[in-house]
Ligand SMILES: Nc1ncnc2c1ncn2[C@@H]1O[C@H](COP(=O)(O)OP(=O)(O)OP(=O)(O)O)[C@@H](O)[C@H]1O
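The chain below stands alone and is given in structure tokens; this is the form predicted alone.
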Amino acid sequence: MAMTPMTPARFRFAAFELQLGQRLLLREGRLLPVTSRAFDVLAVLAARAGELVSKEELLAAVWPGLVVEENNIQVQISQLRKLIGAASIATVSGRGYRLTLPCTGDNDAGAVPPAPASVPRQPALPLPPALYGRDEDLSDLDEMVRSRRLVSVLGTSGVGKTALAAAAARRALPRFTDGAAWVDVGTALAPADVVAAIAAALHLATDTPAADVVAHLAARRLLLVLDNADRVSAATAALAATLLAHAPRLHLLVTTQVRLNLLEESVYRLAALAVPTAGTPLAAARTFGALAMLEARVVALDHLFALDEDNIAAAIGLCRKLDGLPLALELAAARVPGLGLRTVLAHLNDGLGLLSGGSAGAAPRHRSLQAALEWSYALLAPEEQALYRELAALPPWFGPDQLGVGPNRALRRLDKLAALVDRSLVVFDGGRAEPYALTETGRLFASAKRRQAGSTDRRKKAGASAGFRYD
């Protein structure tokens, strides 16, 4: 319950006393056990004793900024009736509840300081877009969120981590009596930014100390989703460890390209959408997630578009060229109404420039495939970036022996290669003799970076020979 300077410090009804400042419920001076949410529900009802309080008003007051099911109110009301009597709270069918006991409020316990000013907060849970070919992923992730307290969805930029996490959070919602909170930490640069973002999502002031945020969550059964934790993985890991230790009913769902490396962490590696092989018949091809998404997105932009026997080969070729990556398919689909499938496919070999112009509401890194890959590339250490560029010159599938290093550097280079696999920038297939590969779009990007680095090196050498110094 949000309090103002005029809010009474306590309410008295029958033999009961509700102390708002210390959050205590007493009966004839004896402390009664009451959960945080039930206390808040009772505080709202006491402030309007004798009046109808609608379900919507209770949800807004007790679960601000969170998405919860209405039956959560019933759970709290049931607990309160056991504490203060079944007849003390009346149900107004289909509308809400009313405290029936005569109630008085006073400030004998001292003035209650006003609550911190609320700050603009993120939506409790974003509405996920339509998912294609993700039924198994959603089912598996839902089970992980159910049974494990820290789940990280790992995958490259543009693979659909946010969309899947949003769908999984909504599916899990009925299991969390205190709802779910969504926190986008994609713009965070420091640990304080992560804490501030979480505080805002919980309807707390953004300058709330980390210890108070942890205390706020300590008794809550809530799903906390931390989206886009790539750049602040260390800070996210530190805060996650504290939350897991002090909020035993809290579950965390994190989307990231960088593992948190906590013992409690369970990783769900999200792959790109399944793509049909060349020559797959039209009906069968439509059962693959990549083609289903491509068709749906083009039709959304051009209702006259239809897949048929004449264009199915180009559509499959486009899905394969884009590795089934949802962001790439989205961007390519936007070009099809004006260029056609075949033209879009033909020009992909020229680079990634065609795959731009994403949704105006998307984050800047998701408005072009180049920007998405730049984001992933920037997360790498310099030695990892150098190795990634070198891989563009290797055959489509390669083995560790083709990295071209001596025994003294081999282990170090293998560590960097493993890091690229972990970031989903390199494909690993243990069933092949040469198990590593770059994706099609990844090879285009890495090749461009390799040319760019080579040009920079040549300029530095030329400058050095002319007497210039580069620090």
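Please read these numbers as outputs of a predicted model, since none were measured by experiment. All residue numbers are counted from 1 along the displayed sequence.
We do not show the form predicted in complex with the named molecule, though everything after this point is about it.
Contact with the named molecule, judged by heavy atoms within 4.5 Å in the model of the complex, is confined among 68-76, 214-222, 187-195, 153-161 to 153-161. For residue 263, no non-hydrogen atom is located within 4.5 Å of the named molecule in the model of the complex, even though that partner is not displayed. In the model of the complex, at least one heavy atom of residue 130 sits within 4.5 Å of a heavy atom of the named molecule. Not displayed here, the named molecule is kept clear of residue 321 by more than 4.5 Å at the level of heavy atoms in the model of the complex.
Contact between residue 330 and the named molecule in the model of the complex is found at the 4.5 Å heavy atom cutoff. Relative to the named molecule in the model of the complex, residues 179, 226 and 251 are all farther than 4.5 Å at every heavy atom. In summary, among the residues 389, 231, 366, 335, the only one with a non-hydrogen atom within 4.5 Å of the named molecule in the model of the complex is 366. Between the named molecule and the residues 293, 243, 307, 237, the one pair within 4.5 Å by heavy atoms in the model of the complex involves 293. Applying a 4.5 Å heavy atom cutoff to the named molecule in the model of the complex picks out 257, 273 from 244-278, in order along the sequence.
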